[in-house]
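Next up: just one chain, as structure tokens, the form predicted on its own.
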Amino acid sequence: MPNLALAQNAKVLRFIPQANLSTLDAIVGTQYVVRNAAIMVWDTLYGVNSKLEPQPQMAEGHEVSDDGKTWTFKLRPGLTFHDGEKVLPKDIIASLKRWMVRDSMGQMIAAQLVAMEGPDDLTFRIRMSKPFPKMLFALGKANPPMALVMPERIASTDAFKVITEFVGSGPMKFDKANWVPGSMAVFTKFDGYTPREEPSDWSAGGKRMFVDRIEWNIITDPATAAGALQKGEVDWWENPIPDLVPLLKKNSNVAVDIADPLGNIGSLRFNHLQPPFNDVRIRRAVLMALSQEDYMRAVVGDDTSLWKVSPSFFTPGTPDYTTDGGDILMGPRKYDAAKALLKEAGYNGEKIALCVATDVAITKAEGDVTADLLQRIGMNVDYQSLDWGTVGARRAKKDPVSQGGWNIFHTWHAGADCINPAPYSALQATGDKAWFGWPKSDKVQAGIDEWYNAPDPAAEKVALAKTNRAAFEDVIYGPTGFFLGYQAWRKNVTGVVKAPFPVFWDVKKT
């Protein structure tokens, strides 16, 4: 019996995610924690590897017409959903239609779309009015909203309503019966999944599952999480706070490493639709006083190898990184000038609804710094302590603050999503169709369009310099700095890799 118990235990992976899982819908729920769950349950036509290259996933391959307007995809034979139904082009068409409503790249495709067709059970075609060379990035990107493939009956759900049936064709099934929001989420191996033959690499390649069950344990207190990992009550902690890393490193049974070499960009997100941040002068006043160093020391600590000041909306160290226009974040902070600009803009002490997810260490630290910053420049702060699920629902509301809306919330963007505009939903400035905060800037969009149409890497770099400058001029959001994060796991767990999200395939437990 003891050997049987050990064997069973080796087939169960216990994981502490970054936050509570309040939904599984990665179209409506765009939080990373939702994405991290969804990519186990639903597959995509393409995936993106560690070289940031799109690779066939559900697709076997594709052909592009000579004029660049027609994309024809062949599906891998034998793809099935968790309910046993065959994956058909009608399911893909319905899934992409729903995704196109909410995603910035999907919206670009929809604006140029002539038709989507499925001439046979293994062929899917997209016909465009003009070439769209970034198509594979759109279909394979791993930041939400994602082009996840689900059965037609589920994909037909309104894109602004949360799905309630979680049937995909990915390597894991979601155990809805044992889902306790705020406590536990359970995923079980889908025996009908056939991995691709090539090795896995981020969201691409063969997704081979070596555990039968993955249990997400929602533990929001860092000290409790650290204790559970050290005692062997859990196997893997997605984002241990830096203060506890030295303690974890002393435990001979625990491994600690950087989670993602491309890091993260902290984000102070303004609501551009509601006063006072509908006035660009108010947003600029905040940036004039914003100290990225204050944010980074609060989020990561004093180890400067883990963070850097970065006056940019793009990921440091990547080919198109630029600081053009970022002077507003450099040098001594200008508190008096910020106060003067607030006065010029007519700010008169109105309450600022600062929505802070205090159950997530990163957003709690950022929110505390922002509260102090706003008070320093004379703003009236209404600090609202919420959980991450509530912030996720609240930030989608466009109502006035008096009717449940908001002024500021904090989040962060994976560096892999900020290398260029293709996966970068948070940079889009299309107004009502943009990401939460709904910024509108014709200059930013012009720079993004120039990047999409750039004939070579040099032209892409020029386009992104213009985009960065415009994003600071119109203050799309407030970048609070670049930082790396840790992950920690028990040493009897192998196969943990560095990636922008937890990669569960190829992970083994002994």
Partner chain sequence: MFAYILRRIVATIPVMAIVALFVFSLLYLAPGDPAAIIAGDQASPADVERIRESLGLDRPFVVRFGEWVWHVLQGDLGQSIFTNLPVTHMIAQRVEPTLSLMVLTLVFSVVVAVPMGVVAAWKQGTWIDRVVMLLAVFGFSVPVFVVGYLMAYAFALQLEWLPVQGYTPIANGIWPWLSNLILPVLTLGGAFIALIARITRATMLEVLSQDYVRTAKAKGVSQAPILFVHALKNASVPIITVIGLGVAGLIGGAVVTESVFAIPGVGRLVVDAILRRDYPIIQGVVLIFSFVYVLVNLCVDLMYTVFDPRIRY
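Computed from a prediction, not measured in an experiment: that's the story for all the values here. Residue numbers count along the first chain shown, from 1.
There is another form of the same protein, the form predicted in complex with its partner chain; it is not shown, and what comes next is about it.
Contact annotation: W388 falls within 4.5 Å of its partner chain in the predicted bound form, judged by heavy atom distances. Not displayed here, its partner chain is approached by G392 to within 4.5 Å at the level of heavy atoms in the predicted bound form. Residue contact check for Q18: none of its heavy atoms lie within 4.5 Å of its partner chain in the predicted bound form. Although the partner is absent here, A223 lies within 4.5 Å of its partner chain in the predicted bound form, judged by heavy atoms.
Here the marked residues G182, I218 and S425 all reach its partner chain in the predicted bound form, each with a heavy atom within 4.5 angstroms. Just one of S200, T430, Q230, T188 comes within 4.5 Å of its partner chain in the predicted bound form, counting any heavy atom, and that one is Q230.
V28 is the sole member of V33, V444, A463, V28 with a non-hydrogen atom lying within 4.5 angstroms of its partner chain in the predicted bound form. None of 321 to 329, 279 to 287, 415 to 423, 256 to 264 except one has non-hydrogen atoms within 4.5 angstroms of its partner chain in the predicted bound form; the exception is 415 to 423.
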